[in-house]
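Okay, so here's just one chain, in structure tokens, the form predicted alone.
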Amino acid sequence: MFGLVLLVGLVIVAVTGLLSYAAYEPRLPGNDMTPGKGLLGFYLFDWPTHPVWMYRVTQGTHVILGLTLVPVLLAKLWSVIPKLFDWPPVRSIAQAVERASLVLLVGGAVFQFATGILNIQLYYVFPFSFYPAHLYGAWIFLAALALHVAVRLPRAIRAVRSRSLRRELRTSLAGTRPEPPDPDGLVPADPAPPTMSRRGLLAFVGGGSVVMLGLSVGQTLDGPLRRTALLAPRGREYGTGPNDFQINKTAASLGVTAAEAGDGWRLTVAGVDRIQLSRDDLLAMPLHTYALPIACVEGWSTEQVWTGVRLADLARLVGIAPGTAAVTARSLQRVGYFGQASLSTGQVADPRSLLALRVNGADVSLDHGFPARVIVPNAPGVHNTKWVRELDFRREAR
């Protein structure tokens, strides 16, 4: 039962993780941080700008379902611990292949879950970059999972069919009997009396998963449930003001000062022409307002109402037609990753893609990107560059 739940859940986690990779538009300059990725860095399509909530749903599912599966993964590992210490370790070539896949499967699962959970807490204690390690680790784990499923799925299905789930859910501890001996040696030769029924174990693990879900799902929802997201350090409500919503990194933590974002700030817009604009110049241009979500790779998301200048209008200002214009947005930030991000022609051309100056009717705060930040529908949060100092438009052949 645990294996089949993991099979379905891990496939969904893997697919949404690969969608997250595609959402980074890795073909564009500076967006991909996986050196030497080769064939492992393939993707099948350009990331769309609609529906605007798609990345919010896929990445929220990736993180929250991953957290929800933690109790199931631990229970599954507990159930096969004897297999990890089997002796002699190799009896045949087939068993050697299976055990090698088991090492990669267990090691890959523990690595992916552990680093993923540390990442959503922004607690980088590991001595390597999370982004490439998680991508490479995912492919190693998926290869081991595919091999393990090919070997074990028929047996798992036979095991599930050998018992009636309804009958087991009605069997109390008093009626619980150990499994008969099996050819894989997972069942003890002389088992002690059971201390928990099978329904009790399913309820215990399922209850743990429900708790994990309940303590994390609120970070993807605006409204009262956000207060229940106790496992998401940036998933709670901060107040009722127009700028009171989630912040992953403050201006101070990334070396951005109020002085350099103040009156002397100028936005450089480059293309065929090159111009500089003050914030007053931008406010004097046609402004547009849209309700758009910020969806972060750590799993939290929130929808706010943004007002600003269309990126397409800024492309026209420097002589590049929006349908052919890609852009690299560069930030004032001096430390950390994602001081810049590149956006595709489709993202620039979307009329809802803004250089945002206001949020919820007020100027964006310094921590939210004052004097100006990028907001693009359906883009990862890290590509909504804050404290923009330069927009470098270029023609991109399609």
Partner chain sequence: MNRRADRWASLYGAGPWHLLGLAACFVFAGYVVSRVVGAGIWMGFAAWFVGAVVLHDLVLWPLYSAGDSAVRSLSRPLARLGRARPDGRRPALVNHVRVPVGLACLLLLVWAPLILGGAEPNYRAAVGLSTSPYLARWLWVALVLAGVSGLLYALRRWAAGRNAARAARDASPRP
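These numbers were taken from a predicted model, which means no experiment stands behind them. Positions refer to the first chain, counted from 1.
The same protein also exists as the form predicted in complex with its partner chain; that form is not shown, yet it is the one meant from here on.
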> Want to guess which of 262 to 270, 141 to 149, 319 to 327, 276 to 284 is within 4.5 Å of its partner chain in the predicted complex, heavy atoms only?
Replying inline: 141 to 149
> Heavy atoms within 4.5 Å of its partner chain in the predicted complex: does residue 249 have any?
Replying inline: yes
> Even though its partner chain is not shown here, does residue 231 get within 4.5 Å of it in the predicted complex, heavy atoms only?
Replying inline: yes
>> Check residue 224 for me: does it contact its partner chain in the predicted complex (non-hydrogen atoms, 4.5 angstroms)?
In response: no
> Is residue 335 a contact residue for its partner chain in the predicted complex, using a 4.5 Å heavy atom cut-off?
Replying inline: no
>> Can you work out which of 90, 211, 186, 258 has a heavy atom no more than 4.5 Å from its partner chain in the predicted complex?
In response: 211
> Exactly one of 291, 169, 100, 153 has a non-hydrogen atom within 4.5 Å of its partner chain in the predicted complex; which residue is it?
Replying inline: 100
> Using a 4.5 Å cut-off on heavy atoms, what residues in 125 to 140 are near its partner chain in the predicted complex?
Replying inline: 125, 126, 127, 128, 132, 133, 136, 137, 139, 140
